[in-house]
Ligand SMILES: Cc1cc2nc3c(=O)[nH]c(=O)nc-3n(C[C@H](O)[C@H](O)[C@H](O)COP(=O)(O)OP(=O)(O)OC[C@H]3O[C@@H](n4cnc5c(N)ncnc54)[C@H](O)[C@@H]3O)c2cc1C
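Shown next as structure tokens: one chain only, the form predicted on its own.
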């Protein structure tokens, strides 16, 4: 792995807000007001006289689930990289979430188990934010839209306008900013446009219809089924705020196909508990089924789900992981970028979505602060973003691809087998060796690039640990 890629990734993770940057645009438009769009709007607020977020969902209700984020009732944990980036750009959000009952979780209040083997402590004070997704989005939105030059247009983006090879406007239709039911149709003149329309973004189709290159869509079939419920969280668990159990396929825990279980201590003194299964494995739709699955897991999950139910089971299914290869597209209009799930959406169990969105915003800040010609396609932005997407894809899609190939008996090249063998050794050694656990966690938490795992000294230690375990 080229050192420059590793260094670039880590510079994006550590990016600070700029000081005294020049105003580049009169009007910037962000299509989509979820986490990715809001963070992009925050970056643009320093560089545009006005930023307009075009969002089709009514976001006036606080901390409510909405149709534009169908997975928002499932477990969401803000990884350390994403939390640190958001906290730099929106200071105090973590504390505000805690004031509302969310948990800032350090290593002393986590249980991470692989087949009931607890992972070795890594000696670092990494902190997650365990919070309901609707609440976090509400807090981020309140901070961003409180900026004097940021506003929200309640409408659906329906297309783009172009001039001289660049995007110059966004067409929209919807209620607008008037009363419920009032239609607003027209177009918004814009000097820069961000696509943050999520997994179902229509931008690629618009580009093809408008005579530009359609970015190649890559899909990795990885059907995952989620079941999530909310339970009362009594004070009897002050020492634990996050529990995660992975790959529970051992005879000791006949988990009925539950591959991953996770529990987060969130607002309103609740446990948000999620069960996940692959393929035909369904974790259950009723509380009785849900609790029965938990009874086959490590005991902590039975204890957590014994309390009163505050929300019934909500299910979610995602058929595949996706990424759109904008960096490969030969002909794109200038003054247009895409962020968040509109570019890459992963198996949610890896928890990369919100942190990836934060790092995409970091890419946007870096791109706009460079001397790049804004009147040409945003090639440099997509190159930066590819570094982030490649890193996240290597962790989540790499693991899913290995599982799928193993289940199907697929023949894979020897080089791929060797890479997977190394990753298995590292993951196994992370259970018992603090140094390997530290390196593994830094990558899992999106703080460091996956290339750092191939350090010769680390590989030697992981191999020795694996050989020692096999000899027992």
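Keep in mind that what you see is a predicted model, and the values were worked out from it rather than measured. Residue numbers count along the first chain shown, from 1.
Just so it is clear, the following notes concern the form predicted in complex with this ligand, a form of the same protein that is not shown.
Here the marked residues 66, 76 and 157 all reach this ligand in the model of the complex, each with a heavy atom within 4.5 angstroms. Of the listed positions (272, 197, 190, 130), a single one reaches within 4.5 angstroms of this ligand by any non-hydrogen atom in the model of the complex, namely 197.
Of the listed positions (149, 386, 310, 71), a single one reaches within 4.5 angstroms of this ligand by any non-hydrogen atom in the model of the complex, namely 71. Residue contact with this ligand in the model of the complex: residue 393 places no heavy atom within 4.5 Å of it.
Among residues of the shown chain, residue 54 is one whose heavy atoms approach this ligand to within 4.5 Å in the model of the complex. Shown alone here, residue 85 lies farther than 4.5 Å from this ligand in the model of the complex, counting heavy atoms only. Though the partner is left out of this view, residue 367 does not reach within 4.5 Å of this ligand in the model of the complex, counting heavy atoms only. You can rule out all but one of 323 to 331, 338 to 346, 367 to 375, 280 to 288: in the model of the complex, only 338 to 346 has residues with a heavy atom within 4.5 Å of this ligand.
Residues 31, 32, 33, 34, 35, 36, 37 are the ones in 21 to 41 with at least one heavy atom within 4.5 Å of this ligand in the model of the complex, listed in sequence order.
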